[in-house]
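A lone chain, given as structure tokens: the form predicted on its own.
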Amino acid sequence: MENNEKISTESKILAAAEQVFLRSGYDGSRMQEIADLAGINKALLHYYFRSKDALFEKIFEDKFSQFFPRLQEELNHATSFAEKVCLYAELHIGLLIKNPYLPHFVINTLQKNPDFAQKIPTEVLMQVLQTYYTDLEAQKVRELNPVQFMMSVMSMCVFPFLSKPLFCKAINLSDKDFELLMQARIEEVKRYIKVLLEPIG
């Protein structure tokens, strides 16, 4: 019973934290706000999670523990490098639409603690890269630096979320407008991927 109660309290905290992070962003979120939304006192919140970083790290691990297995499963059904990269972009942008605070946390955490990178699974991306060389040999893609290419694709997925305040202010977008723009961006990025990989001649 006590263990179930602990799980229930932790689940309430994580659900409340997600709402606060989504509403206020990582930097604007406060532990007191999370405690209030979870219906507990701040001391109990600190008993479960000693800091905002520890709380967010748990959310991050939960999100990516769901994302990468799903990505792996989807990639197993794709045969070409272009299909795999398009799937990656679609799922990555979809993840960030639901969790727009993730990029800021990851960047800030990596700057403070480079070892945090070990928590991010990279094996799936390495498998995608290997497909490039198979397709290059079969002349299905143009010759390029696949590492540079994947860095560019990742940037196309992540940068809009990092610069959301600037975009929203510059062209007067509401949060809903931005979300719709990012949903449309999935197909936009896919078009770039296909054009960049199209064999020359």
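Each residue number is its position in the shown sequence, starting from 1. Source: prediction; values computed, not measured. We call the rigid core the largest set of C-alpha positions that still match within 1.5 Å between the two forms.
Beyond the structure shown, there is the form predicted together with a further copy of the same chain, which is absent from this document and is the topic of what follows.
Every member of the trio 151, 154 and 195 reaches a further copy of the same chain in the predicted complex with some non-hydrogen atom inside 4.5 Å.
Of the residues 40, 158, 136, 31, just one reaches a further copy of the same chain in the predicted complex with a heavy atom at 4.5 Å or closer; this is 158. At least one heavy atom of residue 111 is located within 4.5 Å of a further copy of the same chain in the predicted complex.
A residue is said to contact a partner when one of its heavy atoms sits within 4.5 Å of a partner heavy atom; residue 15 fails this definition for a further copy of the same chain in the predicted complex, lying far away. Contact annotation: residue 163 falls within 4.5 Å of a further copy of the same chain in the predicted complex, judged by heavy atom distances. Using a 4.5 angstroms limit between non-hydrogen atoms, residue 10 is distant from a further copy of the same chain in the predicted complex.
Residues are counted as partner-facing when one of their heavy atoms sits within 4.5 Å of a further copy of the same chain in the predicted complex; in 105 to 127 these are 107, 108, 110, 111, 117, 118, 120, 122, 125, 126, in sequence order. After superposition on the rigid core, the Cα of residue 132 moves by less than 2 Å between the shown form and the other one. Relative to the superposed rigid core, the position of the CA of residue 20 differs between the shown form and the other one by 2 Å or more. CA of residue 110 to CA of residue 26: closer by 3 Å or more in the predicted complex than in the shown form. The distance between the CA atoms of residue 110 and residue 25 is at least 3 Å shorter in the predicted complex than in the form shown here.
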